[in-house]
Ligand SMILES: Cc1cc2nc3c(=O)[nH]c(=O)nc-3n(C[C@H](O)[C@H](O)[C@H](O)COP(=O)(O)O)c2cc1C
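Okay, here we've got a single chain as structure tokens, the form predicted on its own, with questions on binding and movement later.
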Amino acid sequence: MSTILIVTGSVRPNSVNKTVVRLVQDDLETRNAIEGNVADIAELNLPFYDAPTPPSADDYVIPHDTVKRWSELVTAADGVVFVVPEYNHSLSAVQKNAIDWLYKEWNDKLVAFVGYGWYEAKHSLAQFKEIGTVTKWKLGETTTGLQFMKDINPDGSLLDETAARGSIRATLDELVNSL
């Protein structure tokens, strides 16, 4: 059985992220030999990055138990799906902080992105791809960018469920087929 870690991108209690995470989970549940686990950034409660050495350093030691748990989740996953909001043309600070705590765990990790926002999350998705050049993620060509008022409403209700699920399916197909 392969494990896909779904990483939330918002800690807001009423975030659209919950709807999009559920869509990703729904898709993964239809697949044989795939287990989808959610890493809820709010529940992880990671501190702001404050380690004395960078995670890429040979002498890096994770200084917090919450970060150790985060490292274990990423290490155990065969692939990762980031559910990506776009805040002010950028990825969310909580997701960036979570990424910054780790390094070797990301190397050669299969990663996919399911984004949403006013601009189909194109700005945050571009930043994730750039981050991947440093973290050495294995990135596919297919990403999902759901647009407010076209695919999904800002309250999380779906406007075009068929298109949203189809786009997510294509992104996850590429990830799962690469396992």
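If you're wondering where the values come from, they're calculated on a predicted model, not measured in any experiment. All residue numbers refer to positions in the sequence shown, first residue = 1.
The following text describes the form predicted in complex with the named molecule, which does not appear among the structures shown.
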Worksheet item: Heavy atoms within 4.5 Å of the named molecule in the predicted bound form: which stretch among 112-120, 40-48, 56-64, 25-33?
Response: 112-120
Practice prompt. Answer yes if any heavy atom of Gly79 is within 4.5 Å of a heavy atom of the named molecule in the predicted bound form; otherwise answer no.
Written response: no
Worksheet entry | Any non-hydrogen atom of Ser10 within 4.5 angstroms of the named molecule in the predicted bound form | yes
Worksheet entry | Distance check, Glu86 to the named molecule in the predicted bound form, heavy atom within 4.5 Å | yes
Discussion item. Is Phe148 part of the interface with the named molecule in the predicted bound form - any heavy atom within 4.5 Å?
Written reply: yes
